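Take a look at this single chain in structure tokens; it is the form predicted alone.
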Amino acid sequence: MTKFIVPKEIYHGVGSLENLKELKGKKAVIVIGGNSVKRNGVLEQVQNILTSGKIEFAVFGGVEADPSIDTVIKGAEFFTQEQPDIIIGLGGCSAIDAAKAMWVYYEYPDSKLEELAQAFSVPSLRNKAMFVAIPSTSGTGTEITGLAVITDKQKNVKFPIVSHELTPDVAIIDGNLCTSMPKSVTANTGLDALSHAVEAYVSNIADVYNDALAKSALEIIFENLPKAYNNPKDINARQLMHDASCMAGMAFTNVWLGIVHSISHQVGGVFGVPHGCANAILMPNVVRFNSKATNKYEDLAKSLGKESSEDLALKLEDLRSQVGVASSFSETGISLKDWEENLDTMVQNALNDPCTLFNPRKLNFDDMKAVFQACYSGEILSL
């Protein structure tokens, strides 16, 4: 017996931001990243809708890419000062992930990041506030998931906090919020969503509910990512990418992910490679590695008009190329010296990452290292 957990309310479609007026509460804290949601007017739209609903608000800004535990603690202190009963994560993955972690620390101030990650759970939430997620990028699916990735800058490690308690209460999936994304962000976030679909589909606890969502998300992304990349104002492609990201998120939050994410958490934490870029570099070789343990990649290949797992790997490489993303970690500017100095630590941390538990093929230190190395050099993995 398994459970399928998603937010209580999901509003989707162009213009669905207006559904914020349905919220019940007295005060919201809106967590944002840099200035993009200010420049494009999205923050003002949210504020106006809250005002029309007679909900007070305060804004916590400045969440960085790969949000740090220091930022999370500062945000939780801001929450304690403002006492919101609604928390709104607005923007890209970093803002929403940070808001989720702030939520935990708001309700449980003595929490410890590494302990939360190792426990694979958090204490019961919603004692002080509910959570609303409004993504402005189409990739992470964090608006729908029980996952937040937070970086310990001192250790150069990304820690995934994983618990269904973190699943937002309300998610708003409005393609209008994505039209100002730069092409590089469109590419990286779109490929991130694709990695969620692929890894959820082959998870060692996958089921028919999640398979249907994952496969449909993959088909939509292959069709619409190039359109959104080449024509940013194509609102139909934008909404479909936003929906596909959400669907892939629904899939993976219930059956989790695999070693694409175990590895990208480490490479991103140490070298700052954008998460979607790292996932796109890793996917083809991870498909090759895992295909020794599952035939489900063939199902995905067939949904794209192909036959074999190698066909799928090649299709992934081709899509990656179409949207201008690097094909190896060496291409991202990581020197061989820096790579080798950090490699063994990254490998061990990837083995310890919770996502590794759900990979369809079990692997040891040497196996994991071989995947790292092939993806650094851009070689085809044959392990």
Ligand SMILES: NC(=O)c1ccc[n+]([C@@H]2O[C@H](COP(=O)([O-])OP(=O)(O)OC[C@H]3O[C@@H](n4cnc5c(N)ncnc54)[C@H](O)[C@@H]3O)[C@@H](O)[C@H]2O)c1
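From 1 onward, residues are counted along the sequence shown. Nothing here was measured: the structure is a model prediction, and the numbers come from that model.
Keep in mind that the form predicted together with the named molecule is missing from the display, and what follows is about it.
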Heavy atom distance at most 4.5 Å to the named molecule in the predicted bound form, all of 210, 254 and 361: no
The named molecule in the predicted bound form: contacting segment from 222-230, 182-190, 123-131, 284-292, heavy atom within 4.5 Å: 182-190
Partner contact for residue 309 in the predicted bound form: the named molecule, 4.5 angstroms, heavy atom: no
The named molecule contact at residue 241 in the predicted bound form, heavy atom, 4.5 Å: no
Residue contact check: residue 250 to the named molecule in the predicted bound form, 4.5 Å heavy atom: no
Residue 148 within 4.5 Å of the named molecule in the predicted bound form, heavy atoms: yes
Position in contact with the named molecule when the complex is considered in the predicted bound form, options 47, 36, 332, 356, heavy atoms within 4.5 Å: 36
One residue of 71, 266, 167, 140 in contact with the named molecule, assessed in the predicted bound form (non-hydrogen atom, 4.5 angstroms): 140
Residues from 161-180 in contact with the named molecule (non-hydrogen atom within 4.5 Å) in the predicted bound form: 177, 178, 180
